[in-house]
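A single chain, nothing else alongside it, follows as structure tokens in the form predicted on its own.
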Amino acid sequence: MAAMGIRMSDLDLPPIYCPFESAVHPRVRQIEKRAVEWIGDSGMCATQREKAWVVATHSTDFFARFAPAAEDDRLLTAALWVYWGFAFDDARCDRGPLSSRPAQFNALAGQVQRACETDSAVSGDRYATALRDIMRRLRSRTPPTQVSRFVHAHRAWLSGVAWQVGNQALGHMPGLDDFLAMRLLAAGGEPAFALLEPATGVQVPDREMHRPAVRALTEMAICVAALDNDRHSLRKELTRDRADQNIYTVLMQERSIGVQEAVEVANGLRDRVLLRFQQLHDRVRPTASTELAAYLQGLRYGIRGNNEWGLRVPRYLSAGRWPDEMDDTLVTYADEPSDVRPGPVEGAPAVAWWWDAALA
């Protein structure tokens, strides 16, 4: 994209439609201090520069918006995984030496996943070692069912990253349908939302968690957050010397359109998914158990919180700093969605089932 001579100042980014309520954990700063101490002791950062950028993800603030009422230790554990996930993504998935070497990445991913699954796994990789410590914390206060859900989500995430790495190795830009399916996995939303139960202490019964409608709501929350992250990182992407796989580059290639039109199309697609999320949520919530209602609220908090965090975190800001003022009212939101057309998104059969009339 940078090679096209496009500048951020040339783009008109529409306000974000997000009607969900905002919340943040009241002790987020105290918990963040504990997380920073763990990062320094974990051994996963090879240099002080690496550590500085991991700390600058402000992952405690990120998850403190997903689970604003969590117990401190539970929130800390969830936040540690988010810090770890960003560090692993930057060093091994996004721009690291394995980002276009699928065979080598898959070998490492296998070691990392095994460290997630069992404490007895042995690997010299610094990220696997740090992950084992996080998983010990998780298992110490989380029932096996919820741990198993997180492990499964972690595996799904790594499989999506492997798909992405394979595309990068081939220089292949996926079409919209493949991209959305891949982004649901590679964005990391599966494990992030799977941490809602351990963070809040809520245990959603299997009969509810595995309902197709609940699965659809989870996938839509992941999709909206992933597309929002593509938007948040657009500033950074424009400074790079090659185009990554994101919603804009996918639409530009598939539809032969410019970046401004791609921004508008992507915004409309995202809003249609969010509208469907709202409709299905309002159908499921009235009959949900207390536990499922808490999980659904976590999805809503997550969509909103991901925006509040993403619009000012150094990971996405070209300025590379955390604003001194933590005033969320400075974030501008749209009053109405940009696209209210009903029915599935055109050209994306992989996610068309979200609009199935039988979901309830």
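These numbers were taken from a predicted model, which means no experiment stands behind them. The first residue of the sequence shown is number 1, and the count goes up from there.
The discussion below concerns the form predicted together with another copy of the chain, not included here.
(request) With heavy atoms only and a cut-off of 4.5 Å, decide whether A350 touches another copy of the chain in the model of the complex. (result) It does: once another copy of the chain is placed as it appears in the model of the complex, A350 has a heavy atom within 4.5 Å of it.
(request) State yes or no: in the model of the complex, is some non-hydrogen atom of P191 no more than 4.5 angstroms from a non-hydrogen atom of another copy of the chain? (result) Flag for P191 set to no.
(message) I'd like to know if D228 sits close to another copy of the chain in the model of the complex, meaning any non-hydrogen atom pair within 4.5 angstroms.
(response) Outside the cut-off, so no.
(message) Please tell me whether any heavy atom belonging to T290 falls inside 4.5 Å of a heavy atom of another copy of the chain, as the geometry stands in the model of the complex.
(response) Residue-level check for T290: no, no contact with another copy of the chain.
(message) Based on heavy atom distances of 4.5 Å or less, which listed stretch (266-274, 280-288, 146-154, 70-78) is in contact with another copy of the chain in the model of the complex?
(response) In short, 146-154.
(message) Is it the case in the model of the complex that G166, P212 and W354 each bring at least one heavy atom within 4.5 Å of another copy of the chain?
(response) Yes, each of G166, P212 and W354 comes within 4.5 Å of another copy of the chain in the model of the complex.
(request) Let me know the one among D90, D125, E261, D177 whose heavy atoms come within 4.5 Å of another copy of the chain in the model of the complex, would you? (result) Among D90, D125, E261, D177, a heavy atom within 4.5 Å of another copy of the chain in the model of the complex occurs only for D177.
(request) May I ask you to choose, among M173, L138, A162, V82, the residue with a heavy atom within 4.5 Å of another copy of the chain in the model of the complex? (result) Flagged contact: A162.
(request) Could you run down 176-210 and flag each residue that has a heavy atom within 4.5 Å of another copy of the chain in the model of the complex? (result) Residues within 4.5 Å: D177, D178, A181, L184, L185, D206, R207, H210.
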